[in-house]
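To begin, one chain is listed below as structure tokens, in the form predicted on its own.
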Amino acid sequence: MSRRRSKILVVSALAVLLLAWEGAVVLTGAQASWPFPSGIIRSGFAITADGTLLVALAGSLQRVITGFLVGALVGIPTGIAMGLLPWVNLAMRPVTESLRSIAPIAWIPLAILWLGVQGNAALFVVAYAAVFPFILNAAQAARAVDRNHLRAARALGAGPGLILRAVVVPSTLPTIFTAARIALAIAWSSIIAAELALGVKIESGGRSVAGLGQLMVATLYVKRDVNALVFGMLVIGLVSFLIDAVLRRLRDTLLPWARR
């Protein structure tokens, strides 16, 4: 089967599925409780046109990027130190292995208690979710650095700082980019979960704290619009795909030797 015919078959099957979905919901009169394609499109257009979606998306992305950067700033140096220095690994490994098994969302009650409810709790959850992929992958990459290269650099008179910049960092960057993709995916799912847990009753300056998770809670429990809820889920998946695509393109541009 040619590629063109394969594409036509896939599109046709998808169209039939969507039409069947639409018909099943409309004919049974279940539009109030079940999402359907035209309703999702209509609700999605409404929350996009009035700016609600963009405000919520901007709020979530801001927290994700900030938490991701905090996770990277803490996790990468910690992981490299664990990979290069046995005594650091011996001291830190029990801590990291114990903490990484705790789901980020489990920290929500304590995060609210410590940091309040105006976005800082969600930011803490994101940073916590992002730090461990960086630690684990940076440590593995540092252990994999060719020791002959390290010995050669020392023999040529390079100090620890130069060895770190000229040998360790270039060797670990491909793995760290992989860690960044994993960390950002986990951070994105964690911010949505955190915002869902915080709900819509949290106020900041008289308005609900903006975030996709809180928007989804509002559309379901306040507006009773299940179609807008599903549209939010689709946006979450699309944003996750685009974030990963940007990181892959950045990796291929900065590290052409690491392309796969």
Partner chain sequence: MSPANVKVTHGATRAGRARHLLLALRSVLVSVAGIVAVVLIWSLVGRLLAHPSLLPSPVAVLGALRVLLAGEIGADILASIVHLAAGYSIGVVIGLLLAVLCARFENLDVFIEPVIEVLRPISAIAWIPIALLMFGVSESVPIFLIAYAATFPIFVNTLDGVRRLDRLLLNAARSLGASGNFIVTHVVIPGALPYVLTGARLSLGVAWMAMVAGELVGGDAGLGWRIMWYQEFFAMDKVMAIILVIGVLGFVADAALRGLQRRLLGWNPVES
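Residue numbers count along the first chain shown, from 1. Values in this document were obtained by computation on a predicted structure and should not be read as measured data.
Not pictured, yet referred to below: the form predicted in complex with its partner chain.
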Would you mind picking out the stretch of 22 to 30, 42 to 50, 187 to 195, 61 to 69 that comes within 4.5 angstroms of its partner chain in the predicted complex, counting non-hydrogen atoms?
187 to 195
Every residue in L54, I76 and R251 with a non-hydrogen atom within 4.5 Å of its partner chain in the predicted complex?
no
How about I108 - does it come within 4.5 Å of its partner chain in the predicted complex, if we only consider non-hydrogen atoms?
yes
Residue-level contact is defined here as any heavy atom of the residue lying within 4.5 Å of its partner chain in the predicted complex; does R143 satisfy this criterion?
no
Would P104 sit within 4.5 Å of its partner chain in the predicted complex, counting heavy atoms only?
yes
Residue-level contact is defined here as any heavy atom of the residue lying within 4.5 Å of its partner chain in the predicted complex; does I243 satisfy this criterion?
no
Determine the residues of 215 to 238 with a heavy atom within 4.5 Å of its partner chain in the predicted complex and present them in sequence order; the list may be empty.
M216, L220, Y221, R224, V226, L229, V230, M233, L234, I236, G237
